[in-house]
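Two forms of the same protein chain are encoded below as structure tokens; each is given separately, as structure 1 and structure 2.
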Structure 1
Amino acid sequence: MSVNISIENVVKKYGSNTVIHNLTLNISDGELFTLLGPSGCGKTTLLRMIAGFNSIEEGTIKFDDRVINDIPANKRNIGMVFQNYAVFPHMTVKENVEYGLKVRKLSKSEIDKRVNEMLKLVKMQEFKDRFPEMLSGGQQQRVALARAIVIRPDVLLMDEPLSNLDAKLRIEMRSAIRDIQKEVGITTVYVTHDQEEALAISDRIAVIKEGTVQQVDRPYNIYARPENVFVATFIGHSNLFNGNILLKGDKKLIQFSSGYKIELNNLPPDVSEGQRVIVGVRPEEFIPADDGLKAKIKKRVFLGRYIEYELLFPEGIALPNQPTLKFSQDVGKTNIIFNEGDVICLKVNEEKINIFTENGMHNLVKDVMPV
């Protein structure tokens, strides 16, 4: 029912403008694989190339061993779910779900069997006789999902399917999509610009920037060990600091421009004395201490389980032009709450921080899994 998708050196151009640059990916059979990136990065264009809606200028796309470049969209056996639901307003839930099966001229008994199974799977059986106008946005999206899967496609493609839902519904539906996809076991390519959504549902994520893959990995690895500064700042928040490497015998240290030093045991052997680097520290990787990086609290925001502090560091310590510098404090693990205007010292968790080359293009920490 599902297939492996091989995308090999594909290029997409609109006139003289290249939007997909020699891109290669492999998506495993049954995997929920997410294309994640900012608006205009090419993720929907790539999805449409897989679907057959966009031409392929160079390279190949395969379903298992079958090259699909020149196969029309209606012959690729794909299911699609869009952000605007695209359910037929004049049809009931049951009629919407059975539509594709009727087009395929299945028997009535087979149609009824498949539709009933699918409505049960998406928890819409009690609404089967309702029209879309009587359903919530989340319910309509469940109908769209059922209609896409009931035809038993080789591949399920989902283009920003939750972007029209409110925050609470998005959380509910992303869980439902994950559960249903795993139940059916269908190879799924999911497009979103929402980092939290991608982290929550994906088996693996490809982070894309300007038509180029920046990193492919499991959600935790991408968050914990981003391949470059773009990934570090696009997935969650990272504070970026100027630093340089010091070599003391067999020890390797990172020195911040304030003079604060930490020893790291996960840097490669070919780093050099004085080498300039960028240090990436996520807000939760700061630890209040008696010494470390000195910062002033500019703003405090209570977020329930966490308190988020916006920080000001002395000039030259942090990289310029960052929107904010943040420290996140777990309320359940501390009895100390800081106030706006307080000056505090922050150590960093040496095991968690990331060290990037001076140009920000690569992570030097050894346990990174590059593309």
Structure 2
Amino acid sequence: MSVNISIENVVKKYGSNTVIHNLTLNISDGELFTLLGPSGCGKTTLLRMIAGFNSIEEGTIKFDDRVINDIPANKRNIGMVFQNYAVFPHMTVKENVEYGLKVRKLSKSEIDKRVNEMLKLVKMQEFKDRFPEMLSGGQQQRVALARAIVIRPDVLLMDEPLSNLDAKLRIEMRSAIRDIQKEVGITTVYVTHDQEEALAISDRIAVIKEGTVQQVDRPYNIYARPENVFVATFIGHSNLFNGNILLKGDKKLIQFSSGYKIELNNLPPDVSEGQRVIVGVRPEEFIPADDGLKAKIKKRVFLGRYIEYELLFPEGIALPNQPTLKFSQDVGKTNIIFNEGDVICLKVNEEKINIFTENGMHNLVKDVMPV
């Protein structure tokens, strides 16, 4: 039933414009795999190549060992859920769900059985005779999900299925999708540009930028150990600082340009003395202290559980051209609250911060805390 998807050296071109560059990904059987990236990076394009709605210019896509490049979309046995639901407006909920079964020449009783099971699974059995115009967005999306899964597809594809729903419903539906996906155990490719949604729902995430994969990993790892500066700043927020490596015996130190030094024990052995690096510090990885990096508080925003401070560092400490530099303070764990204009000293959490090569392309720190 469910399959392993291998995407090998795939290229997509629109005219002379290459949208997907030589992309390779392996999506395991039964996994909920998310394509995440900024708008226009090619998520939808890649998904539609898997679905068979976009041609594949180069490379192959395989379901298990079967190359599907030349199989037309209607023969690929794929379930698809669309951003705008795409529920057939001239059919009832039940008719929508049984639509895909009818073409599969199943017996009437088998169809009824499967439809009822499915409607129960998505909690829509009481609406089965309604027309879509009388359903809310969330309900329509449940119908769309049921319709896609009921055919027992090899692969389930979802393109921003929640982006037309309001914030609260989005959270509710994403856990419903996750539960249902796990229950039927179907290989799923999920597209979103909402990073929180991606982190919450996925088994693994591929972060894509301009048609190339930046990192493929489990949500926690992507957040904790982003592969490069792009991922570090795209997923969550990262403050970036100039730094260089000092070797003292077997000790490896990072020195900020202000002179502040920290010792790291998770750097690889092949770093060299004086090597320039970029230090990535997430807002929650700062710790107020008596010494460390000096910063002035430019702005304070109270966000309930957190207080977010916008920081100003002396010239040359942080990388130029960053939109904002942030420090966030967990309200539950602190009793000092700073004011706008205060000058404070911040240390960094050595175990959590990331060290990137000077060009920002790789993370030198590889270890990840087990979760």
Partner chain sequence: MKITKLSKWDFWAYVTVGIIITFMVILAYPTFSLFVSGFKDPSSGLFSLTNFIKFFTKKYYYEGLIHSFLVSISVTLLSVIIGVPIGYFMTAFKIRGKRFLDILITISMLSPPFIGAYSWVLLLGRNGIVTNFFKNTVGIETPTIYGFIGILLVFTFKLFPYIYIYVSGALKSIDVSLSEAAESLGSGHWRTVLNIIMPLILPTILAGALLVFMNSITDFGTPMLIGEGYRVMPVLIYSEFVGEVGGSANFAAAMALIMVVITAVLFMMQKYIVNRKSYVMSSLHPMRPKPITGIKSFMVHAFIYIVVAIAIIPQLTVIYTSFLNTKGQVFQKGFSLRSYITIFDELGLAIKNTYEFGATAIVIIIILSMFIAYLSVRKRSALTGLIDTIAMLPYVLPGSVLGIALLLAFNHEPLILSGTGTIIVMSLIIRRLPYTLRSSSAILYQISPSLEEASISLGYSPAKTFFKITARLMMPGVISGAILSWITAITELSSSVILYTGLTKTMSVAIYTEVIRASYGTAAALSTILTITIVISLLIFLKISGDKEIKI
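Counting starts at 1 and follows the sequence of structure 1. Note that the structure is a prediction, hence the values are computed from the model and not measured. Think of the rigid core as the biggest set of C-alphas that the two forms share within 1.5 Å after superposition.
Two forms of the same chain are shown on their own. Structure 1 is the form predicted alone. Superposed on the core, the two forms barely differ at Arg276: its CA moves less than 2 Å between the two structures. Ala289 is not among the residues whose C-alpha shifts by 2 Å or more between the two structures once the rigid core is aligned; its shift stays under 2 Å. When the rigid core is held fixed, the Cα atom of Leu246 travels less than 2 angstroms between the two structures. The shift recorded for the CA atom of Arg104 between the two structures is 2.5 Å, with superposition on the rigid core.
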